[in-house]
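Have a look below at one chain only, the form predicted on its own, in structure tokens format.
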Amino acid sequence: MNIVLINGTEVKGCTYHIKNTFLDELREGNKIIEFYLPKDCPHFCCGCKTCFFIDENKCPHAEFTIPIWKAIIDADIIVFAYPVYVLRAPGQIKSLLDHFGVHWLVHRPKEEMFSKRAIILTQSIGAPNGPAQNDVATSLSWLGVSDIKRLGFGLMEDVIWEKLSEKRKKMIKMKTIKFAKKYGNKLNVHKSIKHYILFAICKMLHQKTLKNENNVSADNKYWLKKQWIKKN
């Protein structure tokens, strides 16, 4: 299997230990590519809309975003690992996902995304992990991923891995290993009912907008090329 892991921080702390515990169960026989934010995508989306109007390869940050996107397309499993910052995902995670909005279902979706599994690994000192996980889960879902699972930890004792009790570290490792074992084999993932419905709605919208376009948009050119919509 091909696994791509997006690290939401370059700090080798608690998140680093959790994701390494997860990956250690999957290293044998699998290809793993990791990216570290913000180093591997240091720029915020500047809102130029080049990706929407022309092509994402013309994005001013394409040298950073395209390699990550290609790795995601090639992957069987997509993993996001990040700490919870003020109840939400770190800004660098949101910044990366902003660059991929052009591939949401309503714009220019990739069929490959429908067959992928995704995992969100998070940790916080004690705050709920759910809202921070939702930030990534929403983007992944609109990118077409149906199988999205989450694992989050409240550290409770400290934010420094070495300062956690052995009992707490053992609990985190055991739960992470148990979770990782579910991904030891490649599975055939199919588009969910939710995504069939969303895709159908987007198809209807594109077919409708095509009727009123004098100059066909980049999105509709893409849908036409895929033969998902037709000229009247």
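Just count from 1 along the sequence shown to find any residue number. Please read all numbers here as calculations on a predicted model, not as lab measurements.
Another form, the form predicted together with a small molecule, is not on view; read the next lines as being about it.
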field: Three-residue site M113, S146 and I193 fully in contact with the small molecule in the predicted complex at 4.5 Å by heavy atom
entry: no
Which of 81 to 89, 68 to 76, 133 to 141, 113 to 121 lines the interface with the small molecule in the predicted complex (heavy atom within 4.5 Å): 81 to 89
query: Applying a 4.5 Å heavy atom distance criterion, does L155 contact the small molecule in the predicted complex?
result: yes
- request: Answer with yes or no whether T21 is in contact with the small molecule in the predicted complex, where contact means some heavy atom within 4.5 Å.
  value: no
task: Report whether the minimum heavy atom distance between V106 and the small molecule in the predicted complex is within 4.5 Å.
output: no
message: Even though the partner isn't displayed, in the predicted complex is N220 close enough to the small molecule, meaning a heavy atom within 4.5 Å?
response: no
